[in-house]
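Here's a solo chain for you in structure tokens, the form predicted on its own.
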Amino acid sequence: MKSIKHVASAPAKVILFGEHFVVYGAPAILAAINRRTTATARIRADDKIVIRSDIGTSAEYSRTNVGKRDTTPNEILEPIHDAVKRVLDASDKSSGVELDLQSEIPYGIGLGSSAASCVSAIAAVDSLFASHQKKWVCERAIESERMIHKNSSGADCYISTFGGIMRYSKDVGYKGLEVARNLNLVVSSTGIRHSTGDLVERVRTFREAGLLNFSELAKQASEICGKAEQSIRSGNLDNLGRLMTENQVLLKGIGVSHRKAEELIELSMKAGALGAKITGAGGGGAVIALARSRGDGARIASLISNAGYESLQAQVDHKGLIR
């Protein structure tokens, strides 16, 4: 009997504006980018859930013996296992599943690798038994990703599922933004993995210490987001770049930047970037730079690579989840 398989893929993300301040009510702007995690799911004859990832890790679980694993527990794959189990439990099937993950998304630097993995895994396994809408996939991916980011807003999973550029805030939720011009981005890695939870706690401590007027900084971050939204809608790249650099000043002010991130920002600007900033929690992680064109992006990426850092060109992914 020929093995049935289903494939699904979901994109990475960057935060263009508003990270950290979004926790305290300010808006943020996120974009899906055209780097993907692809999940391939197959039905097994036994009850096991077998997960393999191209980052060099694998795990095997038993559906009937809850908590029993045939391999050492793996922190990276735990939310993926949870995601697969949620789909299997929602079906009336007793079979197991084999899942292979291949990713173009660097892990642990704030590009939403865990969200893309959860979204693609749920969609691939769901396709073996049913074909639920994207909203259904997104809701379960958010639940699984919270095994890593316990207080996650779910924005990473949302942008990975639906793609494009969106504005998010606690009071309004998600709102897609129309894009006048596609954005040419260069994403570079400091090579330093970070803990989002630790950095969020650092900002909370900073805020409570009252060393600066955090409310005023959050107000400035909100104003920057509002202007950035207008620039995205109108296609004003020069203004968008300037706003990215202004946002970086605020992030540096609350202590979440890093020496290597600052070096990458300087390299990007010297190579002709319109603006650059950290993306995500900071403390290392990744930096994004806005280029005027693909050619400019290639020059920026080349200079960063020559300086010994990993870099890649990216554009906005408007497709989101594909299966």
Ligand code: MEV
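Quick note: we count residues from 1 along the sequence shown, nothing fancier. As the structure is a prediction and not an experimental result, all values here were calculated from the model. Superpose the two forms; the largest set of C-alphas matching within 1.5 Å is the rigid core.
Below: the form predicted in complex with the ligand, not depicted.
Chemist: Taking the ligand as it sits in the predicted complex, is Lys85 in contact with it (heavy atom to heavy atom, 4.5 Å or less)?
Modeler: No, Lys85 is distant from the partner.
Chemist: In the predicted complex, does His149 have a heavy atom within 4.5 Å of the ligand?
Modeler: Residue-level check for His149: yes, a contact with the ligand.
Chemist: I'd like to check something about Gly297: if you look in the predicted complex, is any of its heavy atoms closer than or equal to 4.5 Å to a heavy atom of the ligand?
Modeler: Outside the cut-off, so no.
Chemist: Would you check, heavy atoms only and a 4.5 Å threshold, whether Val22 touches the ligand in the predicted complex?
Modeler: Close contact exists here: in the predicted complex, Val22 approaches the ligand to within 4.5 Å, heavy atoms only.
Chemist: Here the chain is shown alone; which of Leu237, Met166, Leu250, Val200 has a heavy atom within 4.5 Å of the ligand in the predicted complex?
Modeler: Here the answer is residue option Val200.
Chemist: Looking at Ser127, Ser153, Ser231, Ser222 here, can you tell me which has any non-hydrogen atom within 4.5 angstroms of the ligand in the predicted complex?
Modeler: Of the candidates Ser127, Ser153, Ser231, Ser222, Ser153 is the one lying within 4.5 Å of the ligand in the predicted complex.
Chemist: Using a 4.5 Å heavy atom cut-off, which of 289 to 297, 258 to 266, 274 to 282, 39 to 47 contacts the ligand in the predicted complex?
Modeler: Selected stretch: 274 to 282.
Chemist: If the two forms are fitted on the core, does Tyr309 show a Cα displacement reaching 2 angstroms between this form and the one not shown?
Modeler: Stays below the 2 Å threshold, so no.
Chemist: Note yes or no: does the Cα of Ala26 move by 2 Å or more between this form and the one not shown after the core is superposed?
Modeler: Shift at Ala26: 2 Å or more after core fit.
Chemist: Superpose on the rigid core, then tell me if the C-alpha of Ser169 is displaced by 2 angstroms or more between this form and the one not shown.
Modeler: Yes: Ser169 shifts by at least 2 Å between this form and the one not shown.
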